[in-house]
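Encoded as structure tokens, the following chain is the form predicted alone, with no partner shown.
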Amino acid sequence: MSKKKKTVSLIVFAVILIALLAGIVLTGHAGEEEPIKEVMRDAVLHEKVKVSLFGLFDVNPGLISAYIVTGIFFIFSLITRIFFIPRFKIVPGKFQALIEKAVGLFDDLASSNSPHRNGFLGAYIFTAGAYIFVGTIFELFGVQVPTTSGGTISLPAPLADINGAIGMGVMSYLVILSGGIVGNKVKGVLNTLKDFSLPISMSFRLFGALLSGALVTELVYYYMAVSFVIPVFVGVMFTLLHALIQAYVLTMLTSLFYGEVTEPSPKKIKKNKHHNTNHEVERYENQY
């Protein structure tokens, strides 16, 4: 690199650094108007900040986020089904390859953890994983909505609301229970019910992981020395990591437990193997 380019680079870096320092000083202390205790409490419970739902009810912002993310999925699925899937080819294009890669990833996860019954499981964990990932990324867009108190709020991730996390955990547990009923009847139900704490652990794992990122970002914003630039980096990194990790963790746990409750008993497996052996002998005898 020439001396001229080095000089230009140093000047640009110095200008950016001065601009950042000026921004830090001019933004002031973010926590002067509201104590940090109140900020953290409202981030968890949403007691003060409510959003009106069609003028009928005052609800948590996470519910509005859930409706918007669900609508995004519905519209995207409808457009993909009508305009793209009929044009899929043997040699896939970029969009087709991306869709097939995503579907194949969750199908492989389902078949590897539940080899005996995985058709519906693959569809569910694909939906759940995509919802967790997109729902978590959604908060990065900073969609502003008016609150009932007269201000505005940036919509959080749907699962940062404890009700949304509980709903996802209970839904996953019901899917596991349905697999046990279809696969092993009463025994499958008993195997599922013995893990009665599973929906609680799934719910609080989602809620705690996603909320931790929001709380860390709130703490960073609260202090003047780091309230101008660092929160952007911290918020993006925490959000991306939680989106990937939590989508993988929930889909992995769901497929593992689903595979356990749908696994046939040893007697049934032995009987099926004996039946297959007799069938092969009969076929061999018929050939010769």
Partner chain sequence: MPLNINIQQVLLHMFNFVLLFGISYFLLYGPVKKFMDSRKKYYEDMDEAARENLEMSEKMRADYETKLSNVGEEIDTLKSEAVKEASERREEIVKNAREEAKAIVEEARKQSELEHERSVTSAKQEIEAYVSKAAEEIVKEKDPYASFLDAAKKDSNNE
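Positions refer to the first chain, counted from 1. Please read all numbers here as calculations on a predicted model, not as lab measurements.
From this point on, the text means the form predicted together with the partner chain, which you will not see here.
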**Report entry** Interface membership of G62, the partner chain in the model of the complex, 4.5 Å heavy atom rule
**Finding:** yes
Query raised in the report: Could you tell me if P156 has a non-hydrogen atom within 4.5 Å of the partner chain in the model of the complex?
Result: no
Query - the partner chain contact in the model of the complex: I85, any heavy atom under 4.5 Å - result: yes
Report task. Tell me, yes or no, whether F133 is in contact with the partner chain in the model of the complex, where a contact means a heavy atom of each within 4.5 Å. Result -> no
Report task. Counting only non-hydrogen atoms, choose the one of 193-201, 144-152, 177-185, 125-133 that falls within 4.5 Å of the partner chain in the model of the complex. Result -> 125-133
Requested in this report: Give, in sequence order, every residue of 51-78 that has a heavy atom within 4.5 Å of the partner chain in the model of the complex, or say none if there are no such residues.
Outcome: L53, F57, D58, V59, N60, G62, L63, A66, Y67, T70, F73, F74, F76, S77, L78
